[in-house]
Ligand code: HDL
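Take a look at this single chain, the form predicted alone, given in structure tokens.
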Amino acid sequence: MGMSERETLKEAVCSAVAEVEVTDVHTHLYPPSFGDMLLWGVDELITYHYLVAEVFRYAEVSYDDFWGMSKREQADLIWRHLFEENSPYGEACRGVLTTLQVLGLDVGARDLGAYRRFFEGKTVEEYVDRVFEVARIKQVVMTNDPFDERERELWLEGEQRDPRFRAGLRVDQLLNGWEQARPRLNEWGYGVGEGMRAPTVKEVRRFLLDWARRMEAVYLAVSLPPDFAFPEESARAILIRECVLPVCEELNRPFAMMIGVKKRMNPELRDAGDSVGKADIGAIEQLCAQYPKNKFLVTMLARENQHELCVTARKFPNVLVFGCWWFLNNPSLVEEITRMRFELLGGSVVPQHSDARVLDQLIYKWHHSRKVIAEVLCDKYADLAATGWAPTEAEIRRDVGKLFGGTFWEFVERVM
């Protein structure tokens, strides 16, 4: 393959990846109608928990003093230590700068005050439009928790629909905290008892069906610890077996599992204190084998789990691997994992999701991810061309469209 041919191929791939509109399959974002639950702006970017965890490696400040500060004071502290007194080449810091740059601000000026003034006077509605435009986002899937009282009230009142924001019904509190969830279900009119008898199972299913339909949920989702096991006779496993999977099958919706997070390993850091652990792939294998009519979206947090996960996906068409989650969302790891997935699974993956908790993060997370994914695709198409199978521009755009949304929606709607 000659240099000019490779350059032409690279141009076609980069253009397709840059122009495609993305379905972001997992975020923690909300539409403007959710009020201050939607986080946005430079201070929210700078005080995101990735940067909070980092600042304690530099700043001589106590946890109590830090959490006693206002948001603006926290941002000032983080900006000083991570941006002014040290070069901000960590991925979370670089992400802040990429976001400001894409928005047209002078990053070289290092002027936090000017960046704050940029956001003053903007309405959240116009800023959502701006972010979706510059990040080329078509839709995002939210994380929607009926156990969150603020969110619960909004849904019960009749949430104003924005078609760009799709719901994902989160069931963490049900599965990971059954003893705390049970009295609340009773309070809301779902008659659940202490044991997992038939009446309790029926009522939990009714609860899940009510909320999945109310939200028009794209999937049901849960974050799970590294020691998640299936099958077993824990409350969590019984609820998955008897309630979640039957409801997902009835509604023809996937069950999304995000596996490998150790919650609050350092509780003083609050949301920044979670860690990672290697999980047992056997739980996924058992679920996929025992429930072939169910669909499973799976991402795992530990780098050590990625190869096993790909092999499992090769064996079970009812699992779709998605994203480089959380601590894996770093360019070097995204590249490594994406190459492996393409080599083992072809295009039958969702290479990335943002996991964004701040609206502005859509900009940098997709800007960085598109670049890495395009580089990997260029190499893979060059490998094809070297065999004589030269991909056309139409084929490239078809493939890219699937990777950045099409494959996900096909899987969501597929009947197993």
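One rule holds for the numbers: they count along the sequence shown, beginning at 1. Treat the numbers as computed from the prediction; the structure is a model and nothing was measured.
There is another form of the same protein, the form predicted together with D-arabinohydroxamic acid; it is not shown, and what comes next is about it.
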Inset, instruction - Consider the chain as shown here, without its partner, and state which of 364, 40, 381, 48 has a heavy atom within 4.5 Å of D-arabinohydroxamic acid in the predicted complex. - result: 48
Legend entry - Contacting member of 236, 166, 170, 341, with respect to D-arabinohydroxamic acid in the predicted complex [4.5 Å, heavy atom]: 170
Inset, instruction - Give a yes or no for residue 223: in the predicted complex, does one of its heavy atoms lie within 4.5 Å of a heavy atom belonging to D-arabinohydroxamic acid? - result: yes
Inset, instruction - Give a yes or no for residue 371: in the predicted complex, does one of its heavy atoms lie within 4.5 Å of a heavy atom belonging to D-arabinohydroxamic acid? - result: no
Inset, instruction - Decide whether residue 115 counts as a contact residue for D-arabinohydroxamic acid in the predicted complex under a heavy atom distance cut-off of 4.5 Å. - result: no
Inset, instruction - Spell out, yes or no, whether the shortest heavy atom distance between residue 127 and D-arabinohydroxamic acid in the predicted complex is within 4.5 Å. - result: no
Legend entry - Which of 350 to 358, 29 to 37, 383 to 391, 65 to 73 lines the interface with D-arabinohydroxamic acid in the predicted complex (heavy atom within 4.5 Å): 350 to 358
Inset, instruction - Using heavy atoms only and a 4.5 Å cut-off, decide whether all three of 148, 212 and 219 touch D-arabinohydroxamic acid in the predicted complex. - result: no
Legend entry - D-arabinohydroxamic acid in the predicted complex - contacting residues of 323 to 346, heavy atom within 4.5 Å: 325, 326
